[in-house]
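Next up is one chain by itself, shown in structure tokens, the form predicted on its own.
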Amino acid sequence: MKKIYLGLLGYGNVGKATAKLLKQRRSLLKKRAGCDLVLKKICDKNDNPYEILRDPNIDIVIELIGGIHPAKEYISEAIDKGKFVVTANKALLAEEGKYLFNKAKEKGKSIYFEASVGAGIPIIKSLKEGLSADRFNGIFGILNGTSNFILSQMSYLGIEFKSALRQTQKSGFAERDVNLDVEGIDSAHKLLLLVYLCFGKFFNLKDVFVEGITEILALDIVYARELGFTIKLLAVAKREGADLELRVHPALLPSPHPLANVDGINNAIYVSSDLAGDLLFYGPGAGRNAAASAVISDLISAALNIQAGLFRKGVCVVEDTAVKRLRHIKETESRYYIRFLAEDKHGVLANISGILAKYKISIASVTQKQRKRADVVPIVMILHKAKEKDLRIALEKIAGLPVIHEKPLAIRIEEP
């Protein structure tokens, strides 16, 4: 039986799980790949990666070190040396994917990246192959397991963000530095890859409006539940005519919607297409075995192509020419949940309502909650559809009122 040799860059949790599964399931993988996948070399932190990159006998390089540099240089070198690449590096592909995919195409090699979005959820292959006849209307995703776990803890335990973060870290579902997760950057990187597959266009991180979950209070989760909603960190790519909206932010989802019921470290991608309709892809968005499953799936795909003597591009997308421009966040329209902390005085609601009316923003409902502090009460409003630009100006005016304590919170309401 033909042997295909592998080199592994990065021996962290996913790297170790991948190596273990290649050994434990060798017999099964032989049958599925039609060859023997042999892990020839592993490069850990103190090893020389060029022993893998320049080894003429290694057919496939697995990149699991993460980050932009030196991962970009390593993958580029691997392609130059005639190797196929399997990676889980969503940040690298989101920011440098156009360069790397083009380079691979020029060299007649492929980059496989199933593990880069949703860990073991087979979303990349589904978009590339299973839905290859479809045109896409929108993508709505819960793409970060850490943030989702934090919001779930806040909901179930009634605790604030910092306490929920500590619980998440103790459970092993968060890195020491969680900024990329809780500020929405990780979700934005993944969204850019999904957008590339669905719309055939590469955008930059700066093109995505990104807002994290750090300002959400436990009381917001309670109030949202009372109103029939659940708060999630949502990644959105939505076509509106010839415009495309790209944004990552907290959102109120109607509680019966499937995305509203995605809890813990789970991820879900809700895809709206013209032929297949609305589809939900769901599963663990983190975990060494889930990610390793996707890595090995890519290894089998690459091995089958190598044996067939085929150059099958790792990415084969068609540009959606109906999308003409990106819609800036200020141009978007949405319904909103608004929460103020205001002094309990006569005329406060009238002042707030007057400012909103000045900017043509209408109120669907308003509730004054029990006092948060001795002299401060939360006021919760649901707004009818309003322009983002008008709302932000109005909120800035309201925040300047002497009776308003703390910055008002606005969360978009999404109904995929």
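Not measured: the values here are computed from a predicted model. Numbers follow the displayed sequence, beginning with 1.
Omitted from view is the form predicted in complex with L-homoserine, to which the following refers.
- Of the candidate stretches 331 to 339, 208 to 216, 281 to 289, 317 to 325, only 281 to 289 contains residues with a heavy atom within 4.5 Å of L-homoserine in the predicted complex.
- Contact with L-homoserine in the predicted complex, defined as a heavy atom within 4.5 Å, is made by all three of 145, 173 and 190.
- When L-homoserine is considered in the predicted complex, residue 249 lies well away from it, no heavy atom lying within 4.5 Å.
- Looking at residue 181, you'd find a heavy atom of it within 4.5 angstroms of L-homoserine in the predicted complex.
- Contact annotation for residue 186: at least one heavy atom lies within 4.5 Å of L-homoserine in the predicted complex.
- Mapping the unseen interface onto this chain, residue 90 counts among the residues with a heavy atom inside 4.5 Å of L-homoserine in the predicted complex.
- In the predicted complex, the CA atoms of residue 71 and residue 176 draw together by 3 angstroms or more relative to this form.
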